[in-house]
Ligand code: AHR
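In structure tokens, one chain follows: the form predicted on its own.
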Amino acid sequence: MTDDALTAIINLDLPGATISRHVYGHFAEHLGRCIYGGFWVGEDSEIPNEGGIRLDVVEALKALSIPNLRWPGGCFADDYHWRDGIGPREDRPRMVNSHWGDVVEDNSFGTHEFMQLCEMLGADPYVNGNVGSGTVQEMSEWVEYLTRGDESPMATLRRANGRDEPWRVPFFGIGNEAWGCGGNMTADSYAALARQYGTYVRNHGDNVVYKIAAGANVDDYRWTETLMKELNCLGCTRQPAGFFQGLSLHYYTHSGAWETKGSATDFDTDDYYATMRNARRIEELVAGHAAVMDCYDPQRRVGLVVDEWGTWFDVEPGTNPGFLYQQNTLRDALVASVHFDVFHAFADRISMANIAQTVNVLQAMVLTDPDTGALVLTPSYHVFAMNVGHHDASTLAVSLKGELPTREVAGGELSLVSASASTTDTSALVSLSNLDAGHARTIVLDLRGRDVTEFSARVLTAPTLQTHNTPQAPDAVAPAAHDGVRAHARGLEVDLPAHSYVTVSLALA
């Protein structure tokens, strides 16, 4: 191995910011078969369930140490009136889900069902309130219903509906996509509402709410600046105002234009590289929004919450176009891996992220077959599983040295290797992505500052980029032990197969 070899320099004794486990959050909207047929099958279903909640989905997500779950939307949140989803199910009013398939929603899955789901998952609830068609009073009373423990009107109503003790709700969203489906507002008009609504999202008892404002779409930096101005003055180091503690960012990856997003499974190599270039744009966007936030919050007390991200392709043929059901290939897994590298790099600013969505919608973790009831874990699921070691660990800077492989894509340059690392007291985890569709490569991990006593590795790859898991072939894309790791004079030498994701676990002295 020459000095020109591709090398990742990692100082194991220089930990940085903590990667919040909430970066590995999830999203469940009343959309397609995410809730109904995904999480919720009803108490009379032949599929094993507890109180109507599907148990195999719960167990699969618990294996990921799922930290939080966002609900009820998405666009659905700003049409949702929470009182319609409490009380006896047979008495709950129906509504039209106009955003997603124009179907009738019977509200059988509501507040109590969602909170039961979070308890079963061991996940923190992230509840998204209704600004677009709701009222300040409605949102304030929902928080009271959820979190107050005395004899207040909403706590009394909750007890009448079967829940004595209040729940813990650490995260609450003040509307969703206010620039679009959440009301088509201007930045200034929404910023005023965020202050108003945020004032009435109160802390009850010992429940402290982290309030999240509906932030920007893609590269709308003015939207971010407008919200930050509500919290602090330019360059101020004082504590930001408490109207909200985080603001969201939404960005989806696709291979084509928004109108023609491309197929989830029928794509060629050019489509693949175009998708990966779009995926890697997340670094530019996070850096841009973080820079704006730094101007008004140099102490980085306000969090950037990427609460909708992932691939968005054309729906599977023969499915309801409003249900956003798509398959999930090795390409999706690599989109996830490079996103996490960026989230790790900005751990001092990103407080949460939520992939869209958890079950049967967009870049799902789990697919459930409506005919057989079979459950399938997707390639993206396996990236989350391989990265559990990054939860609440300290970042380690990864400096790439040598000839970094790149490819020209649509007039721009795509880096074909992505990496990140983190450490705890006694261990470290290194994540490596080789985005090259056709060529393997080797990378040297130049490990400095601490002794490595043991190492092991896992690899996620497949014969083709289009390979995906089905009920007939549930493990077509699945992680395996990786024997392509060897001791090296500077640390370790790691083989990266073409189109692969590799994690290397280190035990540290």
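Residue positions are given as counts along the sequence shown, with the first one as 1. Quick caveat: nothing in here was measured; it's all calculated off a predicted structure.
Only in words, not in the display: the form predicted in complex with this ligand, which the text now covers.
- Three-residue candidate spot Cys75, Trp312 and Leu362; every residue lies within 4.5 angstroms of this ligand in the model of the complex by at least one non-hydrogen atom.
- Under a 4.5 angstroms non-hydrogen atom cutoff, this ligand in the model of the complex lacks Asn328 among its neighbouring residues.
- This ligand in the model of the complex is not approached by Tyr296, whose heavy atoms all lie more than 4.5 angstroms from it.
- Interface membership of Phe346, defined by any non-hydrogen atom within 4.5 Å of this ligand in the model of the complex, is ruled out.
- In the model of the complex, no heavy atom of Phe323 sits within 4.5 Å of this ligand.
- Exactly one of the stretches 162 to 170, 315 to 323, 246 to 254, 81 to 89 approaches this ligand in the model of the complex with heavy atoms within 4.5 Å, and it is 246 to 254.
- Taking a 4.5 Å heavy atom cutoff to this ligand in the model of the complex, the contact residue among Ala356, Val366, Leu146, Ala216 is Ala356.
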